[in-house]
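Just the one chain here, laid out as structure tokens, in the form predicted alone.
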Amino acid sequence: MLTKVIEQAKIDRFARWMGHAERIVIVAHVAPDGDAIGSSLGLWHFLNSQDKTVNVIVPNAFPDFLRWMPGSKDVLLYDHYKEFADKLISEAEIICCLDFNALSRIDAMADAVKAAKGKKILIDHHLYPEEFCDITISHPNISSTSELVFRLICRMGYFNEITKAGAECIYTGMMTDTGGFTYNSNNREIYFIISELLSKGIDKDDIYRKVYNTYSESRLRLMGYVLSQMKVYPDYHAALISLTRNEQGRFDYIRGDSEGFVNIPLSIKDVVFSCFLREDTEKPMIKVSLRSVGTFPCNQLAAEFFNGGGHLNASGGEFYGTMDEAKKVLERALEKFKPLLNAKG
């Protein structure tokens, strides 16, 4: 049995909305990852089973390794079809906001969602949600938004309505947001949920292969290059990898090619904190990805130095400036957090 994490009043309220609504839109954050797409499509499959007209809209493209997911071809990219997407958002009776805690996280879609008259529900697991929805289901202690979607569907009494396709999407979101269940995944209820998803006929081994073992040759060569440039800070039990825009061009970089790179330095003995700095290909900024093991607080470092946040062992942020400047900020952060880093060494 699962702990009743979500407040019953919120579940009942959403169930009433759903009973009367016909047109529903699901939106997720910019640069959608496995949890954003997995939770969105998991909910999409369920709502389709209830004979609703449902559209998933995301700000921009998602990685190729997620395109096998059932329903992914129906995901609408806002930066390609803005006018049509705006119409769907404005006409929606319910807007489900998944895997983000602030309107700024949906980029150019923010104005349309904010102005929409439809009822809005937030389903998310990031800290400090902003108040822009009528219902806010926010539980940072939960591993993924996909897990929350599963819990919501089940608490409404619709477990039997979860299809194999929907279960594949939910599982993918849970798997990718925990690094293949290697962090933020010690809650035994996660594995109860996995067993329930397996009962739907999913092949979790095949899903793993589709997500993690279908990359291009250039991606593997890119990984080798990035690791060859890695800098280790023994005094801080930390490591840094980076990737400039020019370097991405040399290896025919496509969205998602650097997925998981930030986790690799943690395989080094005595390294408990890893940072990956990557120049964005669309905006003049540097994406910051942070990972840790044990109890070192990535989210505190992200919030204090990179205008970001996230979870204890997996966080991110942004930096506006040059790569050299970003590296200097990281080194200041390492010095500030040195006592904690050394305590974990």
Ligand code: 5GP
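Don't overthink the numbering: it's just position in the shown sequence, from 1. Just so you know, these numbers come straight off a predicted model, no measurement behind them.
The discussion below concerns the form predicted together with the ligand, not included here.
- Of the residues 297, 309, 63, 70, just one reaches the ligand in the model of the complex with a heavy atom at 4.5 Å or closer; this is 309.
- Heavy atoms of residue 34 never reach within 4.5 Å of the ligand in the model of the complex, leaving it off the interface.
- Heavy atoms of residue 293 never reach within 4.5 Å of the ligand in the model of the complex, leaving it off the interface.
- The ligand in the model of the complex comes within 4.5 Å of no heavy atom belonging to residue 120.
- Put simply, residue 287 is close to the ligand in the model of the complex: some heavy atom of it is within 4.5 Å.
- Note that among 317-325, 5-13, 18-26, 331-339, the stretch whose heavy atoms approach the ligand to within 4.5 Å in the model of the complex is 317-325.
- Using a 4.5 Å cut-off on any heavy atom, none of the residues of 255-277 reaches the ligand in the model of the complex.
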